[in-house]
Every structure is written in C-alpha cells, then in structure tokens.
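One chain comes next, on its own, written as structure tokens: the form predicted alone.
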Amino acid sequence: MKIFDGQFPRELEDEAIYIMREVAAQFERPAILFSGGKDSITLVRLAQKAFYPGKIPFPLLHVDTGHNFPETIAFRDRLAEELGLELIVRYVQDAIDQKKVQEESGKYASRNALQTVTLLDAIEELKFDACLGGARRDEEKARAKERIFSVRDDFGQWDSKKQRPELFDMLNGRINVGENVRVFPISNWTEIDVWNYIREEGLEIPSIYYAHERDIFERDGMIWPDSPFINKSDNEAVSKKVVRFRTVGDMTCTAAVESEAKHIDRVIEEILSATISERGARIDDKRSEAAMEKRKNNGYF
C-alpha cells in the first residue's frame, strides 16, 4: 500500500467494496447507518461502486435526535431522493414520549447518548442483522478496538474482550438468533483518506463542513453553535464567527473550529496542519475518559 502522498490509496476502496459485498453475501437484512456526515456519505459512494450497475441493496437508517443541524437533514433527504434509496428515520423524541429514555437537563444536556435506545429498537423492529457504519479506527481509542465485523449480543451490547479474530480477509458473519453485527468498511481509513476520497470522487457534502459565518458562543474553550436546543447561561453571549465543523454530530455535541476553508483543498490543508484531533471538537467525548467505550458497550453506533 502506498504511503500517503496526497493521493487517495485505492487499495482502501478495494477493501471496503470487498467488505460490502461480503455483507450482501453473508447477511439477510443489512442497512447503512446514515447521518449525512462525510463518513456515511463515503459509505454510500462505496456501496454504489460495490453493486454497480445494480442499485444499492441496503436501506439507509438515520437515528434523528431532533437536534441535528438543519443543513445536514436537508442534505440527507436530498441525497436519498436523488439516488432513489430507501431512507428510514427513527426519532429519539419517540423514545422520550414513550418514557423509554429521559431527557437530560442542565447546561450540558444532550440527546446523543439517548440515540442508543432508538437504534436498538429500530434494529429489532426492522430485523436488521447487519448495520454498516462509517466509524474509523483513527477517530477514537474505543473505535480502534472494534473489528470490521463487530458482533453485538441479543441486547445490542458490545464486549471488547469477546471479539472474533480477523485473519487476512476472512470475515465471519455467523451469528446466533438475536445477535447482530456492526460492520465498518472504512475502519482502516484515516480522516485524510476520507477527505482525499471525497475530493477525488467529487462528492457533495453538507455545507457546514466548509467555513461559513454562524451564531456561536464559547464554553470550556470550545466554540458551540448557538441553538435553542442548548441551555446557555446568562453570561454566555452569542456572537458571530467564521467557522466550520470537522465532524457532524447533533448541535448539542459538536463544536466548531475557526476556519477560512471554503473549499476542499483548503480543508485538507487545515487538517494536515491541525494540532487537535478530529474528535477533539466532540463535546460528547469529553464527558469521561471512557465515554465512547461506555456508549458502545450499551449498543451505541
């Protein structure tokens, strides 16, 4: 495999396409977890190539917290319509109304962790036996522990100590009744690989990835998007800044970064010179040292 030289290493695309075809061969009811972010957009492109000239054989599943960026939701709906894909949306608000989860309160209230119950309900309701996600090993240490085929038990839980070995390209999709598998076709990619792929493929992405003027406020050294979904203190003043988002969660868990990058080449330049990690702007990862692993143990994405 080529060492990074500014071009996307196409061997990674071959691997991801192979994984997607294995999913189609080994499972009866797979779905693509689609948030409208750059990684899940990449998955859709890979699925197009994997099954061309046929149609992508998997529906898209989005767990909507109700606090998402409107730009991302509009992009999600448009992409699904343009590609003729089945888009299934399940809402965290429904789980709150049914009293399956309790809305958080306080200045750090977020629905991010509440998504797990809605996701697991959707998997059970729709009988999905495999869910393809855009997680990558370089994002966060808990994600680095997961295998490409990551088995979840019949409660949707993940145990990092009970993972199957994956030798060479042998992917074992055999599961017991009630179990399901999370599949990560771009697990071996880096953030820069994703951006180079988006550039080379000419993929459209939501506008919030590029620099734009936005109402923001600052808290704990981070730039928060102003939103009616975030509980602000009286001393947290809203101002305008030119920012962009490096990852896309919902508005309560995703901080912005100051940026002048209005096109993809400038974005890549910024990332290459960045001194903080991609997840460094994720407010949800800062709740504890093991925040992501705890969420994954409970069935998170």
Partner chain sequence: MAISKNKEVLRIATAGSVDDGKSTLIGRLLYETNSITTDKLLAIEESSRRKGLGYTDLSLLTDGLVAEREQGITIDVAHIYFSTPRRKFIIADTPGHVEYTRNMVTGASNADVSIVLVDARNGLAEQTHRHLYISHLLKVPRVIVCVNKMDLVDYSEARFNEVVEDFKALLDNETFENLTIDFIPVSSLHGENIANHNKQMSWHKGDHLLNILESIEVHPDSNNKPARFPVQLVIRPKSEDFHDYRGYAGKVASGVFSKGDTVRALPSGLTARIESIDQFEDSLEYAEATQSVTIRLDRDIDVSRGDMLVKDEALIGSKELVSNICWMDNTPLVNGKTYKLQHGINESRVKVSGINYRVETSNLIKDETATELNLNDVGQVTLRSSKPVLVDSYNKNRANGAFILIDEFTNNTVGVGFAG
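Numbering follows the first chain given and starts at 1. Please read these numbers as outputs of a predicted model, since none were measured by experiment.
Not on display, but discussed next: the form predicted in complex with its partner chain.
Only one of 118 to 126, 225 to 233, 184 to 192, 85 to 93 places residue heavy atoms within 4.5 angstroms of its partner chain in the predicted complex, namely 184 to 192. Using a 4.5 Å heavy atom cutoff, none of D64, E260 and H263 lies near its partner chain in the predicted complex. A heavy atom within 4.5 Å of its partner chain in the predicted complex is found for exactly one of A113, I73, L171, V101: L171.
In the predicted complex, its partner chain lies within 4.5 Å of some heavy atom of F8. At the 4.5 Å threshold, heavy atoms of D138 reach its partner chain in the predicted complex. When its partner chain is considered in the predicted complex, E166 lines it closely, a heavy atom lying within 4.5 Å. Taking the partner from the other structure, its partner chain in the predicted complex has no heavy atom within 4.5 Å of any heavy atom of D154.
Residues Y18, R21, E22, A24, A25, Q26, R45, Q48, K49, A50, F51, Y52, P53, G54 are the ones in 18 to 56 with at least one heavy atom within 4.5 Å of its partner chain in the predicted complex, listed in sequence order.
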